[in-house]
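Only one chain is given next, in structure tokens, and it is the form predicted alone.
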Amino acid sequence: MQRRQLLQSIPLAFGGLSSLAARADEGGAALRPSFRAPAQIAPMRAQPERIIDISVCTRPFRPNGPRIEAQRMFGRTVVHHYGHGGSGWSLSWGSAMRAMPLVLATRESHIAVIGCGAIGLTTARVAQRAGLRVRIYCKERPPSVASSAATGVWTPDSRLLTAEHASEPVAAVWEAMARASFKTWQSMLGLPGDPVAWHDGYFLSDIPFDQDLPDSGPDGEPEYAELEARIRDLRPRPVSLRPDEHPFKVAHARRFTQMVFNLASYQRLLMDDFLREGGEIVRRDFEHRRQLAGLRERTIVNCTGYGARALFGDTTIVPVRGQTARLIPQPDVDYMLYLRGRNASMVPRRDGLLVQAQGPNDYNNDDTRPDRASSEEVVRKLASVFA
């Protein structure tokens, strides 16, 4: 699938799901499960006045992928661990496990972690499990960190690196991180607050799925690596549905199953576990890397995400703007929606129905001001598929 087709099929926040959908009918009708018409699918109350929150974050995309390496600086070892694009939450556990040998090689029993977002918190927990004492230094903590605005869908290859950097060794490392993360996420199923859950969803399209969408013209985004095929065994295959097997006002539909993170409860779980096991959090706003010399710890893990561009001078980081909006929760709406060609999606979470659209100028855009009009337009698009 070419990049343009991928961008227009599904918002990139949901990574390789479009390629899954494209292969849904491989193998012929003999592999197609039988679906009866749903007895009742609760309609989404898609009204702009039900929006209760709009959040904007800046994804830290690096064309050559996440930075996981150690560097000596100011008499200390700094382990860089950042630059996961739109895959921070999804890859967090496996990525932290890969960074940990660099931390343990310093033989320090007390370490510092800079940053309290998806990568920082998870790295701190993995370090604690390895027997280390951890202090987090951060300007903000959840729910004020940028990663709190994420969609919360398991997409380990979303805006992770460009196709030209996806060599076989790099892809193999990614696969190992993705599988390790997936296994850890599955261990959290059924915990109080449902931090992790699986949901059915629907790809909806006005034209056949085997027809390409019209090209809307260049947008400056690169060709992203397509890695999903390496972990296709980790989730069920999508299936095309007949008109009598779904209630939506579209000509074509596919059903799929996907993992979702309830970020509000999950972040609280991480914070509670971190503090209960002796972790400390110190508010600190780092304006220059020389300030690292003032920390008492001699091993420091840099999990600053997009902040590494200014703090460590990493100009390879490209900001990718992402805006999400939440509608008043609807417990009876437990399915996901993706409108192919209309650039609109919905994910059911305990803290509300999260809606999102990919903006035409998100790439290399660090503007974090909310645009309510665009979120309201997404809600209206979603409303159009309900009778």
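In this text, all values refer to a predicted model and were calculated from it rather than measured experimentally. For every residue, the number given is its place in the sequence shown, counted from 1.
One more form of this protein exists, namely the form predicted together with a small molecule; it is left out here, but the text below deals with it.
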*asked:* Counting any non-hydrogen atom inside 4.5 Å, which residue from L204, I111, V145, L241 sits next to the small molecule in the predicted complex?
replied: V145
_Only one of F274, W174, W93, F286 gets a heavy atom within 4.5 Å of the small molecule in the predicted complex. Which one?_
F286
_Touches the small molecule in the predicted complex: R133 (any heavy atom, 4.5 Å)_ = no
*asked:* Is C57 part of the interface with the small molecule in the predicted complex - any heavy atom within 4.5 Å?
replied: yes
_P66 within 4.5 Å of the small molecule in the predicted complex, heavy atoms_ = no
*Can E140 be called a contact residue for the small molecule in the predicted complex at 4.5 Å between heavy atoms?*
yes
*Quick one: find which of 322 to 330, 40 to 48, 66 to 74, 335 to 343 has residues within 4.5 Å of the small molecule in the predicted complex by heavy atom distance.*
322 to 330
